[in-house]
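Next up: a single chain in structure tokens, the form predicted on its own.
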Amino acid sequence: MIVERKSVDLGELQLDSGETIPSATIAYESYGELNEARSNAILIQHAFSGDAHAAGVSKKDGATGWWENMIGPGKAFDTDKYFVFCSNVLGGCSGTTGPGSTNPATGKPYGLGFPFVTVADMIRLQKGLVEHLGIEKLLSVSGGSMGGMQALQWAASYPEMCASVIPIASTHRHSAQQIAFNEVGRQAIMADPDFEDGNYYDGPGPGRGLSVARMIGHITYMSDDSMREKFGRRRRQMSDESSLFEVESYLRHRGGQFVGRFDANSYIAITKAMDTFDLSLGHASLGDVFEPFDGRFLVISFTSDWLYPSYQSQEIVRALRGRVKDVAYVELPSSYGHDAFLVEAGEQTEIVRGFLASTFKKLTPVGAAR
């Protein structure tokens, strides 16, 4: 499946901060076809470092989508049955308006002058895309990690526009530990001499700091078991006759790859949006947030995920059950840590496939075209 990124300018966007982005562009990819009733649309939300290229092979560079094992014909998000699409988040660096975009007021990149954005702002821009596509109600919104936060925000902000939500390995708000890891990454970037207060677009940019930030983040995505199995204490011989532990070489490689595709200012903007995300803020309880939502929930977590541990998913489930909402919860066994939602396609596929099929059946009148 060869896919091509599309983009649309949705015009002025009002932000939670009170600021305005005069012209907000959103980049997205789509897979499968909308049915006549436009009732089979599924919005996929990417995690922090992802983008709109969720599946298929990119026409631009031949890269495979980040959730290729879950999206496609016969897969969990079956593109023979559903219209599946994914957009790059507001504040990102893969086609959607972000810090690297041109500020119309100055003619230069926004840099650190890019307005503070929230997860709710990201969803507000996505709502514009959904309306642009002529979709009144989404069959489902799903994603892992930060993608799960966005899915939850959809249920809170626009409960009438989604029939189901599937947050995977996610949370309704960051813990102190999660905020701490993000702050260390931000400080690594800002300590780089090439950061230039975020105005580095005419220079080399803070590659060393961004690489270290990614290395720190990548450690949190894995588990002790998966790192022991993949690397152990094995060494790799270097050209200068020195040696590195394989895990050191792996992290350096990952850091270098990340520098080539991600903007440091986007790293700062998106992690701040994640850290300030608190779905229950302004409500008496988390359950109150979901009171207007009449759809279905499927919440998935993984046993070895210590970055977004299962107790955070269980908090969401308890809040939903306290409001007698339609919610299913599954904790899947895995040794892959937080990365399990990207790797463990087997059981995850069966669960998601069945949930989507029953949701679609529930929404489709007997005798109606599917």
Partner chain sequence: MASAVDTAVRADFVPEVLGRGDYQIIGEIVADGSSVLDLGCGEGELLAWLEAQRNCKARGVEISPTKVQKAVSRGLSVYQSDIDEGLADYPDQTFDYVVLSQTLQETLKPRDVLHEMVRVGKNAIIAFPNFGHWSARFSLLTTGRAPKTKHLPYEWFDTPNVHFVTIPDFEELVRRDGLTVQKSFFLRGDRRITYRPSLLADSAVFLISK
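Positions refer to the first chain, counted from 1. A quick note: this is a predicted structure, and the numbers were derived from the prediction, not measured.
Not on display, but discussed next: the form predicted together with its partner chain.
- Looking at Glu12, you'd find every heavy atom of it more than 4.5 angstroms from its partner chain in the model of the complex.
- Although the partner is absent here, Gly354 sits close enough that one of its heavy atoms falls within 4.5 Å of its partner chain in the model of the complex.
- At a distance threshold of 4.5 angstroms between non-hydrogen atoms, Phe48 is out of contact with its partner chain in the model of the complex.
- Using a 4.5 angstroms limit between non-hydrogen atoms, Lys60 is distant from its partner chain in the model of the complex.
- The chain is drawn here without its partner chain; in the model of the complex, the stretch among 66-74, 24-32, 314-322, 39-47 whose residues come within 4.5 Å of it by any heavy atom is 314-322.
- Contact with its partner chain in the model of the complex holds for none of Asp278, Leu286 and Pro309, as no heavy atom of theirs lies within 4.5 Å.
- The partner is absent here; in the model of the complex, the one residue of Arg124, Arg214, His172, Arg296 having a heavy atom within 4.5 Å of its partner chain is Arg296.
- Contacts to its partner chain in the model of the complex (heavy atom within 4.5 Å) from stretch 334-353: Glu347, Glu350, Ile351.
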